[in-house]
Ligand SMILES: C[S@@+](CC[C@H](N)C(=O)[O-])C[C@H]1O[C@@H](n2cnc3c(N)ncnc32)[C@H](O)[C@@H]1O
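In structure tokens, one chain follows: the form predicted alone.
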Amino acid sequence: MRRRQKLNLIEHVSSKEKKLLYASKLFQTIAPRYDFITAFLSYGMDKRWKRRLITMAGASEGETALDIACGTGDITFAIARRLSGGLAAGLDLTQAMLDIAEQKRKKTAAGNVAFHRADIMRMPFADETFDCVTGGYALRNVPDIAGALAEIKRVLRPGGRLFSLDFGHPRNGLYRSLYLKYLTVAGSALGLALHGDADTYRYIAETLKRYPGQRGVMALMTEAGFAQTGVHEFGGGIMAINYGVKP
């Protein structure tokens, strides 16, 4: 049997053209362990961060919400429970993630949730479809953040809100360096232990090095035409929620 060729991590995350291919293959591999890994690397704080995201999003009865890069659907389901008559859509590029999300949907009988397999850069929704868009670890993984923001703005209705949770860049240089070292070492160890490949979770640190961080994303949101942009930080900036409103 021919051995599957390993993709070069640095080469692919550094390229807009190749990053999507790498991310797609990676998340297909880690899908069965995704919920465990996010909890493990965050020391269980992941759930608290996502609860804050959902609270800030303020989804309410009758609204229509979209959760991009929905993964296994935890944010999608939590948003849906607040809509009471409204609809929540979850979108992800990775079929293995959506398979797990769909299994959860069937178990919970969440009738106001629907999942879609699609690219954030080219979403299969009409203009001005949603009142709210949320994303957990979404913008760091797209090949072009400005392009993704333009597409998100397109599907939002006037007055619609965007809330994006992701790893951040602490202002303190030493703290930022130690934080990246932790993600690199812990991610490499987990990758070797679970998949026999250190690059599997080292991907997080490598994409974060190339990510503009919460202040950079806020600037890009303003450039994209979002109003009332801002940032809510956790742990001195290691994690952050970017937010804004479509005028």
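Just so we're clear, the structure is a prediction, and the values are computed from it rather than from any experiment. Start at 1 and count along the sequence shown; that's the residue number.
Below, we turn to the form predicted together with this ligand, even though it does not appear here.
Contact check at 4.5 Å (heavy atoms) against this ligand in the predicted complex: none of E151, F163 and V217 pass.
Though this ligand is absent from this view, in the predicted complex it lies within 4.5 Å of a heavy atom of just one residue from I120, C132, A101, A80, which is I120. Checked against this ligand in the predicted complex, the residues Y179, Y211, F27, W49 give one hit for a heavy atom within 4.5 Å, which is F27. In the predicted complex, none of the heavy atoms of I145 sits within 4.5 Å of a heavy atom of this ligand. Heavy atoms of G136 reach within 4.5 Å of this ligand in the predicted complex, making it an interface residue.
When contacts are judged by a 4.5 Å heavy atom cut-off, L87 does not count as touching this ligand in the predicted complex. In the predicted complex, none of the heavy atoms of L156 sits within 4.5 Å of a heavy atom of this ligand. Comparing 105-113, 71-79, 169-177, 124-132 against this ligand in the predicted complex, the single stretch with non-hydrogen atoms within 4.5 angstroms of it is 71-79.
Taking this ligand as positioned in the predicted complex, the residues of 83-102 that bring a heavy atom within 4.5 Å of it are, in sequence order, L91, D92, L93, T94, M97.
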